[in-house]
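There is one chain below, alone, in structure tokens, taken in the form predicted on its own.
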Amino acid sequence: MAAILETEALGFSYAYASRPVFNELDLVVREGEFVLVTGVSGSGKSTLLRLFCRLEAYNSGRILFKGKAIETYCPSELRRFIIYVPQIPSMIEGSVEENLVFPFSFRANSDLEKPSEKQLSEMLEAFYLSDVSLRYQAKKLSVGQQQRLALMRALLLEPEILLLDEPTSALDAESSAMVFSIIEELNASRAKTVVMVTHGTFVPARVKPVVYSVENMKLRSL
């Protein structure tokens, strides 16, 4: 499989910190891989995802997407190809449908066709949300339901890489199982490249992940 995302001697430090988060970090993510990034809290797992999509700026080294430095892409274009889904889902005031189609109002996505109500309803069913109306207020949903909406919203833009930052950290066991099932299905059936941060003991049932542990400013393959 071809490399789709790479870091070369990557270094990053926060201005207020006494030591770097990363130093000389090398990583290769290949197309269609399911990558798990593990490590203790504060080790830099979430920071790594934010660096990938230019939500943070690194200090040294390079990050490449499809062989090109990420700085050669405009941020809005890069963030359509590489979509970051944070731990806590963010919903706008409005209905489920309004939240799902919200990204289509951005100029960067003007070339994309907005999904129909029928398509959205079918997607809700696939994401175990068949009992949720498109007209229902999104902010009234449970956190688990909102997390699935956030995943749906990301996928509607047809990204090449999904960056998932501990997507089940705020969920109960049942909701977590649903979200993990969906993520595995995306990778197994649609060959979607997934990079997921987790500090738990999640082990995919349907796919064989590539696992890295963040330790002492470096990634260690497990």
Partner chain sequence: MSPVVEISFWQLLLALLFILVAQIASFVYHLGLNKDISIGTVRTFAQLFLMGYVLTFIFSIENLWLTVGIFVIMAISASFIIRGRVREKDVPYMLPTFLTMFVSYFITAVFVTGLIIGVAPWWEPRYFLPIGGMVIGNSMSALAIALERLFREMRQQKGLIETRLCLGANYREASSEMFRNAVSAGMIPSINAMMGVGLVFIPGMMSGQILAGADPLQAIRYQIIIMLMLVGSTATTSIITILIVRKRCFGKGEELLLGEK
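Keep in mind it's a predicted model, so treat the numbers as computed, not measured. Residue numbers count along the first chain shown, from 1.
What comes next is about the form predicted together with its partner chain, which does not appear here.
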| property | result |
| --- | --- |
| In the model of the complex, the residue from 36, 188, 170, 157 that sits within 4.5 Å of its partner chain by heavy atoms | 157 |
| Among the candidates 108, 132, 143, 120, the residue which, in the model of the complex, approaches its partner chain to within 4.5 Å (heavy atoms) | 108 |
| Segment that reaches its partner chain in the model of the complex - one of 170-178, 53-61, 27-35, 189-197, heavy atoms within 4.5 Å | 53-61 |
| Residue contact check: residue 128 to its partner chain in the model of the complex, 4.5 Å heavy atom | no |
| Touches its partner chain in the model of the complex: residue 75 (any heavy atom, 4.5 Å) | yes |
| Any non-hydrogen atom of residue 83 within 4.5 angstroms of its partner chain in the model of the complex | yes |
| is_contact(residue 45, its partner chain) in the model of the complex, heavy atom dist at most 4.5 Å | no |
